[in-house]
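Given next, in structure tokens, is a single chain: the form predicted alone.
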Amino acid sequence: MKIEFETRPLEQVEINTLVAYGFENAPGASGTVELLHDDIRGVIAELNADRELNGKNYECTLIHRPVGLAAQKLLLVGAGKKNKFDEHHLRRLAGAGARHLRARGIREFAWIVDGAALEGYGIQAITEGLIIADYDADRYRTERNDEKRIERVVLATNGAMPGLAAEFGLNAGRIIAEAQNFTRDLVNEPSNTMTPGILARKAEEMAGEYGLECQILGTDEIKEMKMGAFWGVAQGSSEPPRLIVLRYVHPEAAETPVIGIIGKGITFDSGGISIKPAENMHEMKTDMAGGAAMLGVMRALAQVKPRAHVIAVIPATENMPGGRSYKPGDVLTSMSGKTIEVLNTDAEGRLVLADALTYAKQLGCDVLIDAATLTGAVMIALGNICTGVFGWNQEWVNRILASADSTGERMWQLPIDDDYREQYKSLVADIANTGGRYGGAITAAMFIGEFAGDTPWVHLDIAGTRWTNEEKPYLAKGPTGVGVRTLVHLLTHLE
């Protein structure tokens, strides 16, 4: 998608469709509709009076041959209640407009930009919304929606000249949204075309394209480093595991902090011996969404170039039943030396992350942030609206939550407390890999935290937010790429 600024007056913009938004109950006299001349605003007011439009959220009304405009059509997008409008809502409005037009075969349009958007975060939000919306999880359909992709969008400023902030917002918005879509592509791949080896190759190719350091470790190295928890999960699959390590270092980065971002990379999770029900098991191709998000973050960092030092560690494997699979009752010795009693082989994500966190610490990371499709329990608590956030260090939890709020990704902190440790005690080992049904998202997070030790650590449970089965006006069904925007914001605002 080509996105560029257009500074001519709105009446002179020659394009297929011009897009404006207006607020509920006053769509003809609010929002960017106010920038249009009186004749077309009068038409909009008449439509509002006849109840053909009222400005409710994401309501789209297409007007052909709009009076006084060079554009062939005018699309009005309802912006809902004015007191609830912000830049995050603006992102969704841009996405809603894009998806409405592309569904009708319109491949280029102009989005009207007001002064507030030019001066603040608005340009970045609009750009992100447009690019994220122009995505469908239809790669393997023989009749794809390629012919409905948006080719060109102009950001129409009505004579105002975009300054450095607007230019930066356009560039940053493109980088971050494309990184989010890159993550969505990885998550969307079926497990037969996204094995641990293929995921490692994709990471290596991306790193080569954007100038990141990359190291891929295989079975022999995993065994040599005594990653018993990671190998315990991996040994049941005929697909060899991979430990993916990427490094971004800005030449002017401070010595500390070195941030470790760790992503669960289970490319298919059958549950192992503790096998999952057949219903919806196909969705377990998405169990590598945490790892994919970290690859997307690194892709964006390499282009935005913040003064930071970031290491990504992604343990990639399948969790499969078989003659070599680990079993309930087994005891695994992790890289840290902690022993783990396996009570349920479907609690495998915390095992691979245990060794990945230990390795990240060995690489010099003094802050650890992990993301994982870890538990169904977090979906019971928060549904598919909010990502669960956990951590030992409240300062870094607060930073994550602030970045989520700044980028429109909804996250919510859940408690951790020493009393929960009683639930995952083991009679035969140091700890057990599950703490039972109650408080399952908490005990799973705390299990991972045992391997962070005193190192500041935050865990994001994205099990409920990594995928949507509901078509939204601004977002297609399928993978969401959750976490990318939040972590890029965090890592570009460390100073």
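Quick note: we count residues from 1 along the sequence shown, nothing fancier. Since this is a predicted model, take the numbers as computed values, not measurements.
Same protein, other form: the form predicted in complex with a small molecule, not shown, and the subject of what follows.
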Problem - in the model of the complex, the residue from 287, 128, 318, 355 that sits within 4.5 Å of the small molecule by heavy atoms - result: 287
Problem - Selected contact from 245, 377, 74, 332, since only one has a non-hydrogen atom within 4.5 angstroms of the small molecule in the model of the complex - result: 377
Practice task
Mark residue 373 yes when one of its heavy atoms lies within 4.5 Å of a heavy atom of the small molecule in the model of the complex, and no otherwise.
Solution key: yes
Practice task
Tell me, yes or no, whether residue 99 is in contact with the small molecule in the model of the complex, where a contact means a heavy atom of each within 4.5 Å.
Solution key: no
Exercise for the section: Give a yes/no on whether residue 264 approaches the small molecule to within 4.5 Å in the model of the complex, heavy atoms considered. Expected result: yes
Practice task
Indicate whether residue 87 is a 4.5 Å heavy atom neighbour of the small molecule in the model of the complex.
Solution key: no
Completion exercise
Given 398-406, 276-284, 333-341, 255-263, the stretch touching the small molecule in the model of the complex at heavy atoms within 4.5 Å is 276-284
Exercise for the section: Assess the spot marked by 347, 350 and 463: is the small molecule within 4.5 Å of a heavy atom from every one of these residues in the model of the complex? Expected result: yes
